[in-house]
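Coming up is one lone chain in structure tokens, specifically the form predicted on its own.
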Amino acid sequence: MSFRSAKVVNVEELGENIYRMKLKLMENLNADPLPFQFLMVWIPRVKEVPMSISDYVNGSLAILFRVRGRGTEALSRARGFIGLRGPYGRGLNLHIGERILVIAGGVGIAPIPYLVRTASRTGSSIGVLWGVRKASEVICEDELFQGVKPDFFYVATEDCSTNYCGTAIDIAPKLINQGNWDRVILIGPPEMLREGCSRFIEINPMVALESIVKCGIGLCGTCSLKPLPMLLCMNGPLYKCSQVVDYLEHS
């Protein structure tokens, strides 16, 4: 489990307590990552944390994260060099011309810029609905999707500071019903995923899960999706709702 070295180009706060770190890889990945794959990020003398790949272009990589604890606090202040392992997880293979609706909540938006960039290469269409609690957490479209854009990008806020008032799950039914989507993907906190899987049971959407990850290669069992016999690092992070309903009920 060797590390790749990456130089921290910059770290900027895009929204309240939401940061983006841009990195330059000192050695290339073996292949371009797939959307929704993740990396293990080692902050020297602190700890190692799993992070979604938010963007990747020609050896330049970005991660988007909310400061939640010791690891992400250190990451927001990191300078110099850090270590990377991965990418891990199955990721999402896109099909030419398919139409995907993403319903994201909070920092669940993190892997979506890279999904949009990858879709632009395959002629796929990505529509994004992003829900946050308040205006200070909103990141503008141009800042979030640098160089590429989704087919549409709607932002819903619970404090009603945008045109769309409410949660992403509240507003999603109109978009689901209006579009002939090949896939609908939910990504966000567990309570959002539980509600989405329950409300949209007839279309059985995909969900992107989070878990504590340590080794990333299926040896330690830390990311077990109990009570299911699955490991997020090996089988995920994307699943159909019907596959993980028992896990969501216990998370």
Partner chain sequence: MLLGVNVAGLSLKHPVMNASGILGSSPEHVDILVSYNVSAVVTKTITLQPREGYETPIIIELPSGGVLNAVGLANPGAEAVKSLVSRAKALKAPLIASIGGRNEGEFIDVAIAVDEAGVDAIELNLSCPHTKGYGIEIGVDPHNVYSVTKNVASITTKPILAKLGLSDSIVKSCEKALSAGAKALTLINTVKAMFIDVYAAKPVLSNIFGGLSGPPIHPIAVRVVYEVYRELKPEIVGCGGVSMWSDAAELILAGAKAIQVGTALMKGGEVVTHILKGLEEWLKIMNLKSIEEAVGLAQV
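Numbering follows the first chain given and starts at 1. What you are looking at is a predicted structure, and each value in this text was computed from that prediction instead of being measured.
The form predicted in complex with its partner chain exists for this protein as well; it is not shown, and the discussion that follows is about that form.
With the partner omitted here, the residue from C220, L34, V67, L29 that has a non-hydrogen atom within 4.5 angstroms of its partner chain in the model of the complex is C220. Stretch 41-49 is the contacting one of 56-64, 41-49, 194-202, 181-189, since its residues have non-hydrogen atoms within 4.5 Å of its partner chain in the model of the complex. Within 4.5 Å of some heavy atom of its partner chain in the model of the complex lies at least one heavy atom of S5. For the chain shown alone, Y88 is a contact residue for its partner chain in the model of the complex, at least one non-hydrogen atom being within 4.5 angstroms. Put simply, L238 is far from its partner chain in the model of the complex: not one heavy atom of it is within 4.5 Å. Using a 4.5 Å cutoff between non-hydrogen atoms, M230 counts as a contact of its partner chain in the model of the complex. Using a 4.5 Å cut-off to its partner chain in the model of the complex, not one of V155, C160 and K174 places a heavy atom inside that distance.
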